[in-house]
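Below, in structure tokens: the form predicted alone, a single chain.
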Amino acid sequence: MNAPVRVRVLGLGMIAPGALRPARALEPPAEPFPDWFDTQALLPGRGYRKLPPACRYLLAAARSALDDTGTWFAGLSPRDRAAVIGGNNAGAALQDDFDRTVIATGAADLSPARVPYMALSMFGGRLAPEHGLQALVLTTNSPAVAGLEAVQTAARALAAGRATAVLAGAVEDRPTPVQGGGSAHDLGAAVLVCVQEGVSVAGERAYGHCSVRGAFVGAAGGVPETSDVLDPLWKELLADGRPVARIDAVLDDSPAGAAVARWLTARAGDRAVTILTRPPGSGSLAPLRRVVGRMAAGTAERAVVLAVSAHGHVSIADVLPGTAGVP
């Protein structure tokens, strides 16, 4: 089995109610108060006010993450800059509004500024003109795991030499109540500025290292089968001998979520475990928010962030905070 590729994280951005900076990413999600997102303060400049909310969250998180890296990114050629952004419900409420407008009064009443966001790829794609990204801009879409999968895809792109720096992130907006409503775990955006492991960057301030493993346990989530799939990943993760101090698990109450929870209970040992339970079909921000929080915590404790979707997709992020190298 080939070990997953690690990225080195040079910048962090976090935009969510009650967590407008990475150091607060581990705090319990808060219900948004009116005007919690101050567009003028978080996105100074023209042309943002009419963008969909999720697009503004992502632009603000990316800007914050890049500001965190100093002037280094601005010196890169646009052909070396890329982004991979995960999402699930970023455009759900917007598309519901489109449908209702077309039914009620016709397509002519759709907002020209928002119509392009019928395509979910536009939420990540909006970063390209904003930051001169010409290497690649990809979008990963799935419940729960898309944000972690964005980091995994970014690592592969860096290892393949497709870019020098990749903005890897997740963005979510809550769907309407009739669509399920979602939770405060999944409102906002998180962005990591990633470079390939081993590549030096002048003046860098590295937050740490991260790699992501993916697996599929199936929607039924039978316990023996879950163990067959996840045990090899767990063994591989522990193979370098560095202790895992903390496990953050983002689960739902689906059969797959329950099976992974039982598997995790049997292997957690004396590690500190934090379980976040959300409805099936939720967004992909919460797991990446935990990665940002662990990176920003200022400790050297190795942490694992695990997410599972009701469909049976599992992502496991290995988070190594700190500036020390890895074996």
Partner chain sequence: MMMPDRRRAVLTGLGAVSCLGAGAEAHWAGLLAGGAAPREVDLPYMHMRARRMYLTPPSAIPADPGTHAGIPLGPAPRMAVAAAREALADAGIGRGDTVRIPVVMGVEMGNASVQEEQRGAGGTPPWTPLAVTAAVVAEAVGSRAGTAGLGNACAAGGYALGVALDVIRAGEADVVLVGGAEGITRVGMAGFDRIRVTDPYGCRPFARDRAGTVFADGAAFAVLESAAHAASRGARPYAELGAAAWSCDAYHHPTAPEPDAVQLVRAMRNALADAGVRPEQVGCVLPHATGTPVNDAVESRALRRVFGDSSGRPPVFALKALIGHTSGAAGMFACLTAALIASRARIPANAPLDQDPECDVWLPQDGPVPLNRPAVLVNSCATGGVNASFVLSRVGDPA
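Positions refer to the first chain, counted from 1. So that the term is clear: the rigid core is the largest set of C-alpha atoms that superpose within 1.5 Å between two forms. No experiment lies behind these values; they were computed from the predicted model shown.
Not pictured, yet referred to below: the form predicted in complex with the partner chain.
- Scanning 201, 137, 247, 237 against the partner chain in the predicted bound form with a 4.5 Å heavy atom cut-off leaves one residue, 137.
- Not one of 18, 49 and 69 places a heavy atom within 4.5 Å of the partner chain in the predicted bound form.
- Contact annotation: residue 120 falls within 4.5 Å of the partner chain in the predicted bound form, judged by heavy atom distances.
- A residue is said to contact a partner when one of its heavy atoms sits within 4.5 Å of a partner heavy atom; residue 115 meets this definition for the partner chain in the predicted bound form.
- Among heavy atoms of residue 311, some come within 4.5 Å of the partner chain in the predicted bound form.
- Although the partner is absent from this view, residue 209 stays clear of the partner chain in the predicted bound form, with no non-hydrogen atom inside 4.5 angstroms.
- Of all the residues from 85 to 115, those having a non-hydrogen atom no more than 4.5 Å from the partner chain in the predicted bound form are 89, 95, 96, 98, 99, 100, 102, 103, 106, 107, 108, 110, 112, 115.
- Once both forms are fitted on their rigid core, the CA atom of residue 75 lies less than 2 Å apart between this form and the one not shown.
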